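Here you get one chain, nothing else, as structure tokens; it is the form predicted on its own.
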Amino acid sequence: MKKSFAVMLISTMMIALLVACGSSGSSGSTENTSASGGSSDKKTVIKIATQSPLSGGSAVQGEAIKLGAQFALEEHKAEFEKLGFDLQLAPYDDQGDPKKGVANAELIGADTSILAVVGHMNSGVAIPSSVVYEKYNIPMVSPSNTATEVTDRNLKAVNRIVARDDFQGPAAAQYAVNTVGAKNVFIIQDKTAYGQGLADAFRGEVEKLGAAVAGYEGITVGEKDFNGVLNQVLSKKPDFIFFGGVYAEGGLIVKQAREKGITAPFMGGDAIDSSGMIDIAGDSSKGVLYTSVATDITKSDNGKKWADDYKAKFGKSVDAYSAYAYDCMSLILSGLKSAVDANGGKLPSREQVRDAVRATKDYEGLATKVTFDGKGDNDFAKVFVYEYKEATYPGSLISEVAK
């Protein structure tokens, strides 16, 4: 009996030891092993997603959005660790494709640890994807969407920190007509929600100011040969060309236009505010004008230091939306912290984070001040006019327009 009891006791102790070892080695999704002393501190995982094109024709700007957001999140990790949370980035590649963006949005909605999204770059992707975010009560803050439809639907989850096309388009037209002296304008657009929306807003203001529209033509995203539309430009002999679309096509259009001997001033919107424009257009980019909803942050001491730190961290220079994505992430985390505080230090619901983000008032970001109105638009958004005086990025800031 004593021997049997001893065997049973030893067996019980071995089983207990194995269970204990197994428990300490499996942390699960809501635990994080502390680096200090080897102890295991339970921390609730909170993820913030990014959605932007990390591949394809707009990857330069899309990666800048991801990296800017990542920079801000990593700066705040220690702050949230003290509150008992493990802050993580969840980057998604929407490929600049609405279907991919929606599919990613469904994955984001299914991951209950994701409480907010920085993105998208393209309005045409943001519009259908944000319907999914609204369904799941996940707040989205965009560093670059300009199409009016993004916020005009009055979705509780949708916000942006940059100007709308019905502000940017008229500002571009006013500069073209009043400053450059354009009288006969040819407009090209890429048939996306962004490109057509910007082109339509530009056309309406041009006509209001008394200039003529010599032509209004659409191209297809992904095209490489623009002889067809440029032959129309040659036949109409405009004194100004405006393009609503992104740098992948814009760079080729201006390059091919100059090769054909078309010398009329060329202007685009914020989607040609990218080093990718210079990479594609080369010397043909000289003299190209563009409006942007993004300021050149390197003009301030704080901005210059941040840009230097960004380059040291990622090995890349800042792009147009790097700092705006940084601001989007920073204000999301500010809203998240407010929601945690209001919830007694516990993990807040998506609805609580959504409402805290929309309640943002007078937030002082790196690139812009932010106060969201009832639709999620920023009261302090501005439009800037630049010129590529040389084949280098960024262009030279030549004008600034506030609401």
Partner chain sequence: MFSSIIQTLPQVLIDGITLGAVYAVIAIGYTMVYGILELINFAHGEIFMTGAFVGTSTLLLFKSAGWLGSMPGWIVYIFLLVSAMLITGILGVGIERIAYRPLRRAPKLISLISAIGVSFLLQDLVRFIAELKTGNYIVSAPTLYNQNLKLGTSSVWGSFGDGFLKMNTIIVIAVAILLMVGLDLFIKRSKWGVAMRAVAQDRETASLMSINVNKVIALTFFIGSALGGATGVLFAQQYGTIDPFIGYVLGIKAFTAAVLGGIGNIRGAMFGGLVLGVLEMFASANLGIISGGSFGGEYKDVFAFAILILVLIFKPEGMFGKAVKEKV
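Rigid core (definition): largest C-alpha set, two forms, superposition within 1.5 Å. Numbering follows the first chain given and starts at 1. From a predicted model like this one, the values you see are computed outputs, not experimental measurements.
This next part talks about the form predicted together with its partner chain, which is not shown.
K.L.:
Which one of 242, 247, 133, 290 is close to its partner chain in the predicted complex, taking close to mean a heavy atom within 4.5 Å?
P.N.:
Among 242, 247, 133, 290, a heavy atom within 4.5 Å of its partner chain in the predicted complex occurs only for 247.
K.L.:
Scan 313, 224, 299, 99 and let me know which has any heavy atom within 4.5 Å of its partner chain in the predicted complex.
P.N.:
When its partner chain is considered in the predicted complex, the option within 4.5 Å is 224.
K.L.:
Given that the partner is absent here, does residue 79 sit within 4.5 Å of its partner chain in the predicted complex, heavy atoms only?
P.N.:
Contact with its partner chain, no.
K.L.:
So, in the predicted complex, is residue 213 in contact with its partner chain at a 4.5 angstroms heavy atom limit?
P.N.:
Residue 213: no contact with its partner chain in the predicted complex.
K.L.:
With the partner left out here, check for me: in the predicted complex, does some heavy atom of residue 305 sit within 4.5 Å of its partner chain?
P.N.:
The answer is no: residue 305 has no heavy atom within 4.5 Å of its partner chain.
K.L.:
Does the 4.5 Å heavy atom contact test between residue 231 and its partner chain in the predicted complex come out positive?
P.N.:
It does: once its partner chain is placed as it appears in the predicted complex, residue 231 has a heavy atom within 4.5 Å of it.
K.L.:
Which one, 258 to 266, 314 to 322, 158 to 166, 290 to 298, holds residues whose non-hydrogen atoms are within 4.5 Å of its partner chain in the predicted complex?
P.N.:
Only one stretch passes the 4.5 Å heavy-atom test: 258 to 266.
K.L.:
Going through 187 to 214, which residues have a heavy atom within 4.5 Å of its partner chain in the predicted complex? Please give them in sequence order.
P.N.:
Read in sequence order, the lone residue that approaches its partner chain (within 4.5 Å, in the predicted complex) is 191.
K.L.:
Rigid core aligned, does the Cα position of residue 319 differ by 2 Å or more between this form and the one not shown?
P.N.:
Shift at residue 319: below 2 Å after core fit.
K.L.:
Compare the position of the CA of residue 139 between this form and the one not shown after a rigid core fit and state whether the shift reaches 2 Å.
P.N.:
No, its C-alpha moves less than 2 Å.
K.L.:
With both forms fit on the core, is the shift of the CA atom of residue 271 between this form and the one not shown 2 Å or larger?
P.N.:
Shift of 2 Å or more: yes.
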